[in-house]
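In the structure tokens that follow, the same protein chain appears in two forms, which are kept apart as structure 1 and structure 2.
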Structure 1
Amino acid sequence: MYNHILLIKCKDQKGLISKVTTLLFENNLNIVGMKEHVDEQNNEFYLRCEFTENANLILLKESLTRLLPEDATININPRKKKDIVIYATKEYHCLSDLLVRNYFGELNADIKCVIANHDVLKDIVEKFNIPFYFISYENKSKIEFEEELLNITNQYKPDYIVLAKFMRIISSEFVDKFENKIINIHHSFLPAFIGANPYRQAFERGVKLIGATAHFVTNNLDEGPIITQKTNNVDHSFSVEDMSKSGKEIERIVLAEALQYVFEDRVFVTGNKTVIFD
């Protein structure tokens, strides 16, 4: 028997917590963790509740729907491992971290397959007995490339797609098929550097921090709702290569932490931001 996770988002009003918790209590459900957040500036209410006892989930959802404001979004999921598909290109640092966690059962997910637009990561993936698909984008239109990507992906019906340093820009059409289901990791700087070779720009500018941001993918490139961000210190003694290496270290850590939140159903996406009950 799984624990269950109840996620509610709706307009805030008096008595919401009372209504919800009374209903759960009347249904004899045992709450093992509950967090709420009221966004006063936007008058929105968020709740995450984990409960243990048996429940008729369909009836429970119906009761909640009657109880809550009309705009309410209500999700009830069993707490279980998510099925994921990973897209990669050539860099191994994020991918191999996920493969190892998956292998030892600590990812809260099952990696169903890895799809890459280069074949250099085939070996490491297959060491862990995960199917690896190489889809070249040469001599193909973007539409054709994404069609292949989609066909393989859909075979596995993933809960989430993880871009573990996937260096291709995904089309709006593709993103729309997986709303709030694609997670990306990318480097971040203060200030931001637009265009090619950001680490060289960071070096030329003498930044003292190298950061990474994990976020949901929307149609604004590298601009979706942020899940996790962290930074490392660097200084003038770092070459471009040292900065890039430092960036990879922090990307690995940030992606792992973000996925932990997502796979445990701790993340709400709301507008262009997230509410995370960690």
Structure 2
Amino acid sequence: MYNHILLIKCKDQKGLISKVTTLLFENNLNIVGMKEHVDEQNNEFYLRCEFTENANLILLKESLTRLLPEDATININPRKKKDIVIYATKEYHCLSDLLVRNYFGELNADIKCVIANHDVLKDIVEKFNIPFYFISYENKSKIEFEEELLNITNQYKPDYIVLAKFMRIISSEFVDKFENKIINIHHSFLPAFIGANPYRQAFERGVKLIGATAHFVTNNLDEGPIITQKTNNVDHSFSVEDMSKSGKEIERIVLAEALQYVFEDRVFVTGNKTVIFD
């Protein structure tokens, strides 16, 4: 039987869990999983509930609206395969991983197309019968480049845009069109290194931890709400190539995990943070 999903965000008050569970019981609905969180600092309540049995979801939402605080955001039954567009450049590791997961139905998403600012990944994308678009940024202004990007993206009306090592900085105007809908992956070093050849910099500094961060894109570069982070231990025996290989592997894992959380409707964005029910 298909599990319905209920997502609630509102101001916290006593009795919210009781109100929700009682209403579901009165409608003869069976709760098969529920998680909740209270952000005490901001007095905010978050809930994700899965339930079974047939239900009139419109009437159920109307009943919840009457029961919950006026500011409540209520979303019922959002779980469906998400339509996504992937942006890429030259690096294949994240993109190829997503293509394989998509092929075997592991993403809870449909990759509608891949857009890249280089054409080196065209062959691998087309092996999976997914449209590939090459948009060069040479001899174009940023505005012209993003207009082309936007025109193709909008044809597919994606639920999310995934930056699979897309090595171009997106303008604030572009980001504003897809608020909390663009997901990025980047390396994470302790200490941090920016600019060209980060693995060379990390090697020369003798770092002991490398990792990756997946986050929503905002107008503050690489500072959006974090979805997932992981690290790997490295040591003096690692060459630059070893560090790069380890970094790419963890980027694949972190991006796939982040997308799983997002596409299964387990992520709430609150300010510059996330609440994630795993």
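Numbers given to residues start at 1 and step along the sequence of structure 1. Think of the rigid core as the biggest set of C-alphas that the two forms share within 1.5 Å after superposition. Predicted, not measured: the structure shown is a model, and the values here were computed from it.
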query: Displayed copy of the chain that is the form predicted in complex with another copy of the chain; finding: 1
query: Shift of I253 between the two structures at or above 2 Å (CA, core fit); finding: no
query: Displaced residue check between the two structures: N54, CA, 2 Å or over, core reference; finding: yes
query: Large Cα shift (2 Å or above) at L209 between the two structures, core-fitted; finding: no
query: Distance moved by the S237 C-alpha between the two structures (core-aligned, Å); finding: 2.8
